[in-house]
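For reference, the chain that follows is the form predicted on its own, supplied as structure tokens.
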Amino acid sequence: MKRQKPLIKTLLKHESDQRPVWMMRQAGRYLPEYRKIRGKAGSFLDLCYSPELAEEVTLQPLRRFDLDAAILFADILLIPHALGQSVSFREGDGPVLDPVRDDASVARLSMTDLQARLQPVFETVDRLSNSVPSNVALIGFCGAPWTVATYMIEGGTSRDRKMVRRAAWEALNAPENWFNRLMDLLVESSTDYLVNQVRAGAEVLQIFETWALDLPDVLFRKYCIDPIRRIVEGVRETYPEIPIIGFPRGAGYFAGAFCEQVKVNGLGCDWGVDLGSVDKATNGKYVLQGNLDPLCLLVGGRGLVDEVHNIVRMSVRGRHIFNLGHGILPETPVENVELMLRSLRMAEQEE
């Protein structure tokens, strides 16, 4: 039964005898078995769109570690790719996109072939729903509209992300601005994407808002909270019981407003916040997820052990999912992950 899985029990606030744990980007380059498959797959997109290979790399960390979730191996930029934007991944440079910066480029995007282009992802989810261990929850995900729009507008990774922020400020003065139409399109396509992941077998959803940290109050409410709220409401029109985790990285003091308005089950926290303070700010009403610094995991040693214990002390059993504050770094030694998990179980015994 789904509700017997520790991650789902915790998100639904049913009593659980253990603190669930998983890692963002847990299927990735830090694992030698992943690098082997990545070398055979061709391009990164080829790997994402191969149900057999994507299933395999999703399962790889579960064979090594005692984790409570498998997260679908895919990428947040599959949505713009499926909408018709040119997307590629260059080794060492990250994603490269043909920028969307005006009415004409937004007009070229279309949901017409969205489901067909994303069908391999849904097939991967379906395969995983039959292959993950019975105690492990299957997580589907998407990028939040602001974060996806950031890559679409900047044309890839950008240090200052000035163009997307300027576009957002300009759009506040003009409701018919192309940026607002792009955000509406991302809300609609992301909702459709998540609904189809649940239909295929995903049991939990996470919405990644990586660049929430760029947004001042007015933009955070308009372009982070509101689009994610609309996605959550859209998904729950079809699947009202699906547990959803929101991860607005860098949200800080906006965490309370985010939870109250978006109405997620869980709040992903980055390493820059104190879990106890966030719990107070949200009145203890939400499950918190996080928030080990990926660099702490990379370095390992005594500092890692102490920080794991510190996170356990700051959080509340039954309202906490142990995770990183962002994705695991590719250089992370596998033995440090093993140490982290041993330390977590030891810390729980001392509670």
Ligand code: CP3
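Since the model is a prediction, treat every value here as computed from it, not as a measurement. Each residue number is its position in the shown sequence, starting from 1.
There is another form of this protein, the form predicted together with the named molecule, and it is not shown here; the text below is about that form.
With the named molecule left out of view, the stretch that reaches within 4.5 Å of it through heavy atoms in the predicted complex is, among 30-38, 308-316, 282-290, 295-303, 30-38. Between the named molecule and the residues M183, I71, L118, I242, the one pair within 4.5 Å by heavy atoms in the predicted complex involves I71. Proximity to the named molecule in the predicted complex, defined as a heavy atom within 4.5 Å, holds among T238, N130, T112, T157 only for T157. When contacts are judged by a 4.5 Å heavy atom cut-off, R25 counts as touching the named molecule in the predicted complex. The named molecule is not drawn, but in the predicted complex it has no heavy atom within 4.5 Å of W178.
Among residues of the shown chain, E123 is not one whose heavy atoms approach the named molecule to within 4.5 Å in the predicted complex.
Proximity of W146 to the named molecule in the predicted complex falls outside the 4.5 Å heavy atom cutoff. Residue H326 is the only member of 310-328 with a non-hydrogen atom no more than 4.5 angstroms from the named molecule in the predicted complex.
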